[in-house]
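In the form predicted on its own, a lone chain appears below as structure tokens.
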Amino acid sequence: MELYRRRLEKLQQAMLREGVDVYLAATQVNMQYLSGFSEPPLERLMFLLVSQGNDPVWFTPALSAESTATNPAGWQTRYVWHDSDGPSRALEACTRDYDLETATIAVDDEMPAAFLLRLQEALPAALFRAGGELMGSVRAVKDADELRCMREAARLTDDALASGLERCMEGYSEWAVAIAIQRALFDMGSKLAFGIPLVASGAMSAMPHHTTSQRALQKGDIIVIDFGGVYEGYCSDITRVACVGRASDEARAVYEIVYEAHMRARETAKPGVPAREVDRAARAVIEKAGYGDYFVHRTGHGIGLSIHEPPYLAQTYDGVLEVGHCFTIEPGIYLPGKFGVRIENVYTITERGCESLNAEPPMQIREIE
């Protein structure tokens, strides 16, 4: 209970700074963060309502009321509606109790559109705001228990990687590599942080968001493997590169450039450093080597209960790194029609600088005979 009380106070302080009267948490990750309970958003209106000076309360359909009542934080299930009536009556009661008619209401960026439209129709004079940045600022600094979960998620991810690398040989497909990783995670009691593991081989490795396919691995293929495991809701995310047999001289050289960019970014990441400076450090290495046009994404993203969350290591992000921030560093070079290379680890900011939660990436491309 004390943990969720601290998180509630952080959110209420952020709401006060931003002039927000009420926050409606309607996504699994924010329900989990604030209460220890979550449920996938389906078609029935449901949220955890947070206001100033009060404990959060649940607004829920009847079939979920018993479940929300078990939330570890102990927040009350107050507004319950039945399919036979619809949510209007419960919403009217909630509106009266919390003066929602003219309130400034922040909602999760990922709140289902059907929920938001219904609320806007019921509260035409209220001011609705995207709450992603506000909640992101609250969740960005991880506490000791969250860091414990992040470290374990990283360990599980590292361990599962070995099963995939065993299949980076002729005779296996991208899909076979992905399934081996997935099975290893499941056997360890984990699960995938996002979709099927991304396994991109040959020319497909030059596509940062390639969809894993049945393509058979061939001699000389560069293989990019990107996936993450989960521990108690917290995610990890790594990218590793291997070659079926001996890599070409060009692939070896590009890998070493990306590795240097990764390490420069890591050396730059410290408390008080603007996040964009970490991006700039990685980008400078790749640009100096003549591959600037082939680094087509930001250097990294925050990670925790969500696979992508603040802080973002990008030129467009204004935030400063703080102790407790967790994020990826993942520079890459993608040569269309040839191959791609990306190296990714999860890091956390400590008083001393930047600590990797994953095992160290190889200094040279891994060649699998």
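Take the two forms, find the largest set of C-alpha atoms that superpose within 1.5 Å, and that set is the rigid core. Keep in mind that what you see is a predicted model, and the values were worked out from it rather than measured. The numbering used is simple: start at 1 and walk along the sequence shown.
This next part talks about the form predicted together with a further copy of the same chain, which is not shown.
Distance criterion of 4.5 Å from any heavy atom to a further copy of the same chain in the model of the complex singles out Trp175 from the list Trp175, Phe194, Tyr291, Tyr98. Of the listed positions (Asp187, Asp143, Glu287, Glu267), a single one reaches within 4.5 angstroms of a further copy of the same chain by any non-hydrogen atom in the model of the complex, namely Asp187. The stretch that touches a further copy of the same chain in the model of the complex, counting heavy atoms within 4.5 Å, is 123 to 131, out of 275 to 283, 123 to 131, 149 to 157, 229 to 237. a further copy of the same chain is not shown here, and in the model of the complex it never comes within 4.5 Å of any heavy atom of Ser137. Remark: Arg183 counts among the residues lining a further copy of the same chain in the model of the complex, judged by a heavy atom distance of 4.5 Å or less.
The shortest heavy atom separation between Asp85 and a further copy of the same chain in the model of the complex exceeds 4.5 Å. Proximity of Met207 to a further copy of the same chain in the model of the complex: non-hydrogen atoms within 4.5 Å are absent; the residue sits far from the partner. For the stretch 288 to 314, the set of residues having any non-hydrogen atom within 4.5 angstroms of a further copy of the same chain in the model of the complex comprises only Tyr312.
In the core-superposed comparison between the shown form and the other one, Leu45 has its Cα shifted by at least 2 Å. Once you line up the core between the shown form and the other one, the Cα of Phe194 stays within less than 2 Å of where it was.
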